[in-house]
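In the block that follows, a single chain appears as structure tokens, in the form predicted on its own.
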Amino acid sequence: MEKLTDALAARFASPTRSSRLTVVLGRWLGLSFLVCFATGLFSHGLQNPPSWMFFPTSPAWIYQLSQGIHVTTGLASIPLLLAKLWSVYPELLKWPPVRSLLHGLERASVALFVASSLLQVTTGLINTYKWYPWPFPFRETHYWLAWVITGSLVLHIAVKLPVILANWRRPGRGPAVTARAGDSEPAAAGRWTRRAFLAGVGTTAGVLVLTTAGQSFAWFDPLNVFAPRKMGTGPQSVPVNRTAEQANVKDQAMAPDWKLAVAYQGSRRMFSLAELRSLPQYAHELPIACVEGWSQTAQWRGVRIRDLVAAVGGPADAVLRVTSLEPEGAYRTMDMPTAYVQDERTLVALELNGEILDLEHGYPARIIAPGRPGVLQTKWLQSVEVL
């Protein structure tokens, strides 16, 4: 078996591979995963807030920026992960597979990191297209996988720290580079050098970012070739994730007797669409930013949510529960923390980009608030309850 694995390792050996190459790729990949982890925790906290969660409403584009960075960095990590695996996979063919307790711990951390990372980036990429061909809940799985990846990465770094430190700097600028079995210097004629390989990986990641980031950041929009969403498309020049037909709300939303119920303790008022339009109207430019990474800034006009709360005698520091006309679904109800209720830019929107709200965007009324995920900007409103 040992001869067979040695033969396979020799077969797949490349003069481009080295411990230095693996460490450089590891730095890039580790940074991208760290950014994804931090921005992912922020997104998860907004949707499933712990008791200590802080809800920033300014700048209004904070979630647009955070989630755009999350998805864009996640896409960039795909070529980095594949390159990192390419740099080390001959090591996986060596025999015996476990030579000591420390080596076994290293192999276990690597196996856990690789398996969870591949699953994470694959399902994350598919999620940007809103396709869910698996039986498990994506958001919860994505969240816990992030912790598994981070934990296994920390363990792997701890085990490999001596090698990482020895190869952190370029040769000649620090401690001598520690050679790994199979390392070869310099590259043979006709083969890529380490520098050329890194340049190729960096260019691939850069092109991937440039051709997809336009769904999140307007200045990249002209280069948006491969992202699933394009700015300025859809009804009223704003993309749509969930249609009225998918939500099964068309008949109720278009009913002439539709009214919005606003309740606080024993006080309850029913606002018709005409009554909402007769109240003071306010207009703000706010982004709609979705967890899949796309976003769009638009002008929204409607009634301030805090004015509706005051109309039923609700307190200024109210927490709200907003319910949609949707008969079912994970986001049929939404709880709105005080920070958004108090912000003057949080609206029950009746108009979008100077026109009456389109049915696909939540007609007759929807929520729009600064700095919130799109899934929490409830469409097709039914009621607002002060908790």
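Everything numeric here is computed off the predicted structure, so don't read it as measured data. One-based numbering along the sequence shown.
Absent from the display: the form predicted together with a small molecule. The rest refers to it.
- Residues within 4.5 angstroms of the small molecule in the predicted complex, judged by any non-hydrogen atom, belong to 355-363 and to none of the other stretches in 337-345, 28-36, 355-363, 55-63.
- Of the candidates Pro239, Pro79, Pro90, Gly74, Pro239 is the one whose heavy atoms come within 4.5 Å of the small molecule in the predicted complex; the others do not.
- For the candidate spot formed by Glu106, Phe113 and His156, no residue has a non-hydrogen atom within 4.5 angstroms of the small molecule in the predicted complex.
- Taking the partner from elsewhere, Val23 is found to have every heavy atom lying beyond 4.5 Å of the small molecule in the predicted complex.
- Although the partner is absent from this view, Lys379 contacts the small molecule in the predicted complex, with a non-hydrogen atom inside 4.5 angstroms.
- Using a 4.5 Å cutoff between non-hydrogen atoms, Gly371 does not count as a contact of the small molecule in the predicted complex.
- When contacts are judged by a 4.5 Å heavy atom cut-off, Phe42 does not count as touching the small molecule in the predicted complex.
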